[in-house]
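Only one chain is included here, represented as structure tokens and corresponding to the form predicted on its own.
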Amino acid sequence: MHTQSDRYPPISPKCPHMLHGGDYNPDQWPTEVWAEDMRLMKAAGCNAMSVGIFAWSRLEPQEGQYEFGWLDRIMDMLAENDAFAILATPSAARPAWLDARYPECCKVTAEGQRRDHGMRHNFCWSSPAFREKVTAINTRLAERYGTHPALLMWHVSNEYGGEGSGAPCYCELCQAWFRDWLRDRYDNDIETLNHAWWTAFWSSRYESFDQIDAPGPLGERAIHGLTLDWKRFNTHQAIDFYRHETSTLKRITPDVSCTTNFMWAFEPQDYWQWANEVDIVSWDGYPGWHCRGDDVREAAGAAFNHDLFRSLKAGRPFMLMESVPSVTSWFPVCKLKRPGMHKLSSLLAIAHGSDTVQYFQWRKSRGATEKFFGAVVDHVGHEDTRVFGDVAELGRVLKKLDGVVGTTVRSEVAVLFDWPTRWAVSAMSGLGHRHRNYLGTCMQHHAAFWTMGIGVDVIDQTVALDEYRLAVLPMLYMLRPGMAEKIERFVADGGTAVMTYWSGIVDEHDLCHLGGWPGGGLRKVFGVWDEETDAICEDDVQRLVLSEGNELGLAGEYEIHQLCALIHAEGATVAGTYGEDFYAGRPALTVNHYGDGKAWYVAARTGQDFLDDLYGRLASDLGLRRTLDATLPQGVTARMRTNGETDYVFVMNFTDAVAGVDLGETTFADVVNGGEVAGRLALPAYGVAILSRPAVEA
């Protein structure tokens, strides 16, 4: 929960406005197109373009031969047209000469094969030659453009660890680095590592660190501690390379911010480890509008990610670095955005804390893999298209949101989503592959608050809980050091915690807690012993039967699917029981009064209907602040940003039908259209309204 009264500074003091633009690749086009691009950018209301992301072969066509004339002209043209460059370092895609002369720059696969030149992100983090060449090109970029009036910030590389699987490099340099990292982690004591990894299993004990190889299809895959540490190392390695890239930029341009674009809750990289490395968080968001059957659910998933990336820096606005104004070409079904959805989906990001809307891409490529990926300027080359009109309309809206820049979302609720926990759940053998779904479970709990218009922070186990009133802990399988004590203090001091099945099972090394689950002392906090878990088949349905007179004040039954924990109440009050199978009548929902707070245990995987009702009642009991006092219609949500003096309320309709929204007794100002709005607000299909009012005290 953030309580500052002043807003955060803008992304850059050069442009204290909402940033609007996208990936601009003038190096792919003849110079006569550039002037037309500048005219079209103005027509679309774009003021910030990401330039040079994959331009290494144009900047350095041969080793040591630099050609900056084209980029000089682009930077000058942007400045002349009151626009800015988010200038990229080009390391994500190497020129052919580099890989031909220094083949060790290419990754080695887990099977031990050196990859050929080609594709993005096909580079080894450890390669001295690659690091040397990156330093050389970054130095020249920083020296040449560091004081250029168009330079807004640095876009460092692109989607670290990306290219689909995020596969790391398994070359001997990386393997040696991994062994050194393990020596540091385990104080150069191989027996400490053997215990942490439980290598007595299958006679897996190591005599020295030199015997350890990264896990993979040709080697060890059964030791979960090894797999978990390899994933931790991959994040460490990527961050180390980012530091290498930015060291030059920071030395030459210390006042210019640096970022790199994260991806949609990307599993291979722990973004909480990255949070302090980047000056500003940015991410690439590509929801599947209209093609997955439920735009409301899709919006809730996007909102989860927006909340995550805002929370990485404790509420500071983030950047939506990439989105698409029309079609995402790599989806199974490439469906067009329906009228209104581009503005709505873009403002969803703004509502959750973004101060930018950027696109991939500005102008559609003529060839190669992304030639049909959506863009502001289509192959036809002019502005008389539906998509360009949608972008220009959004540009006009963004120009009216200067007051929103730097504001944040205040949250009384935290939903915990933790990368090492996710890695451990993914690696384990248990529950059934389809039933694990850690990310989906966290998103499901978050969605209940999004539906109600209640602000949420998405945090990990390193974040303090004491500023929140409600902490939601879905599938807290791994308890990292200090987490159990943190939860205990939070509840004892008056907080309300909700924890689910498959929690408190292992420690940070993925070793099972002994003495009953949930471990780490949480058994007494929640007042339950979680004895065993039943994974039921896809077509099976259990029932949660709420107990008469339960503390929630709810009645009736709810369906249960996939997972049922068989728990014993040890001081907790039973609020619901199972209705089927041999464990019918046993507790399925409990609450324990601990200190001044309450600890709820949801022992089964329910549908969204139960979570909506559960959190609706808890929100009412706790007096959690909703953006609007009235109940929102199905498919409509509201989100608020504030600077402590003015509240900016975004009311959004993610359905294809007109929706009426009760605004209560408050009279709002219409930020976009002017005038006042009161009583009942009518939103068209995929419609959005941005309203303001004097700040309401939390």
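Numbers for residues come from their place in the sequence shown, where the first is 1. Fair warning: this is a prediction, and the values are worked out from it, not measured in the lab.
What follows is about the form predicted in complex with a small molecule, which we do not show.
Novice: In terms of non-hydrogen atoms within 4.5 angstroms, which of the given stretches 366-374, 407-415, 513-521, 234-242 touches the small molecule in the predicted bound form?
Specialist: Single hit among the candidates: 366-374.
Novice: In the predicted bound form, does residue 542 come within 4.5 Å of the small molecule, counting heavy atoms only?
Specialist: Looking in the predicted bound form, residue contacts with the small molecule do not include residue 542, since no heavy atom lies within 4.5 Å.
Novice: Should residue 131 be classed as touching the small molecule in the predicted bound form when contacts are defined as heavy atoms within 4.5 Å?
Specialist: No, no contact at 4.5 Å.
Novice: Please check if residue 322 has a heavy atom lying within 4.5 Å of any heavy atom of the small molecule in the predicted bound form.
Specialist: Close contact exists here: in the predicted bound form, residue 322 approaches the small molecule to within 4.5 Å, heavy atoms only.
Novice: Using a 4.5 Å heavy atom cut-off, state whether residue 383 contacts the small molecule in the predicted bound form.
Specialist: Residue 383: no, not in contact with the small molecule in the predicted bound form.
Novice: By the heavy atom within 4.5 Å rule, which residue out of 390, 267, 284, 551 makes contact with the small molecule in the predicted bound form?
Specialist: When the small molecule is considered in the predicted bound form, the option within 4.5 Å is 284.
Novice: Which listed residue (213, 613, 277, 159) meets the criterion of a heavy atom within 4.5 Å of the small molecule in the predicted bound form?
Specialist: The option sitting close enough to the partner is 159.
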